[in-house]
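First comes one chain, alone, set out as structure tokens in the form predicted alone.
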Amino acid sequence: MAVTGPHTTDLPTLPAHPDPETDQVLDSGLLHELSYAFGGPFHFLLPHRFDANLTAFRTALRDAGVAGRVYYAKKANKAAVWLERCAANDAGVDVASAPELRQALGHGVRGEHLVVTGPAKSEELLRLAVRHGCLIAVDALDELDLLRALAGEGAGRPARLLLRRLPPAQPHSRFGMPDAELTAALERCVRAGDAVRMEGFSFHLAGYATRPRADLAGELLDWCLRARALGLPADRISIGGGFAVDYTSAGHWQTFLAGQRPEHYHAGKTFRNADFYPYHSPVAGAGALREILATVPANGHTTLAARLRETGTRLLTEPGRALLDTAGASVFRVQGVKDRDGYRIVTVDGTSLSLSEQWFNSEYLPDPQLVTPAGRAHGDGVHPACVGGASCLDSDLLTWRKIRFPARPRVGDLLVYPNTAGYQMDSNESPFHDLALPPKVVLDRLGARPRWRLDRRPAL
């Protein structure tokens, strides 16, 4: 029987974009078998989607006539399969710690295809990066001095580096150097001689807007020309990440934002619209890169792509979430259902630590799908339910929002959260209550009988 009560008919929904391939997996019966085998939540990964996203970014560069490299930002997901795909596709990887660097090398990614980012890098990380010929984004003058010293220890090769600029439009960012420090850094690179190879500039810019990235990239090209006049190579710039993912349609997103209210959430939980990730983006992924390349930077006369070609400068990008778009989902088993006034509280066999949007005091909004042993649930009923975790914390909710399920969730059913590979799966995971971390299952073949394997644990 459908639950009825206040506000059950006007509950907002946010369906993800249709995904027939993932629907095949949900209807195949495989997920219930895996849930039984693992005895807890798990994630499934679709490596061919990663390959397709990587190809789209590379095609955007090629179509613009721009030389460059795409680096997968490893922090977006810890699975080894993405490193395997980078090695197989001769792609780069963006790492920010010594373990991440070792994992990438251990899965076949060459050192010269790694870019090392992050603030105040450890001496261990810098030493490894120099010895393996990685490209290092230098964030501060003292880091540059340490790098010069390490390069003189007998590594047999210069330290390859980019100088990271503090974005003038985001002066309170903790990443990068202001103009005066950047000028001093150039002088130190000149004095360092063969100990360093200063290959260009980079920036870390918050947000997802394309215009600020194009404007700042244009400024970095001016810095490259200035560095070349000093005798430094300076033949590339990195614009980092910040390529949005489009999870849902414009209509669904606008309707959701206009309609959501505290009574639509368990315990009257409140979220500001501004705190939500922009689950709809009219320009996303490789499309955002195309728009950046087609933009005329501020005070310029030609597109960024044209300026890159004219100056012989390579463009580096470091997408994470955008390379993982539609490349995986998270699966939880229902292990309890409790009735409340006008809705139900569904408790699953995992915790909100495996759906990391809560980390940002926000909510992962794309609707989870209810999967019974017979396949996806369908129907016209309204069965509202929030989704709680298996911990003893009142705040442990995977979904505070009352989801409009088409059928009554029952013990043994599965909830599948779509498109979670980018940051959601493991950024905040923890073996709380000694619960095992959800394993990751790689689906190498789809269809009626998907072919699967466990993700190989990263080599340390």
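Every value quoted in this text rests on a predicted model; they were computed, and no experiment measured them. Residue numbers here begin at 1 and follow the sequence given.
Beyond the structure shown, there is the form predicted together with a small molecule, which is absent from this document and is the topic of what follows.
Contact check for residue 73: a non-hydrogen atom falls within 4.5 Å of the small molecule in the model of the complex. Interface residue remark: residue 241 is counted as part of the site for the small molecule in the model of the complex, having a heavy atom within 4.5 Å. With a 4.5 Å cutoff on heavy atoms, residue 252 does not count as touching the small molecule in the model of the complex; it lies far away. In the model of the complex, the small molecule stays beyond 4.5 Å of every heavy atom belonging to residue 358. A single residue from the set 236, 383, 204, 121 has any heavy atom within 4.5 angstroms of the small molecule in the model of the complex; that residue is 204. Note on the partner interface in the model of the complex: the residue among 405, 42, 423, 417 having a heavy atom within 4.5 angstroms of the small molecule is 423. Partner contacts here mean any heavy atom within 4.5 Å of the small molecule in the model of the complex, and among 262 to 270, 350 to 358, 311 to 319, 99 to 107 they occur only in 311 to 319.
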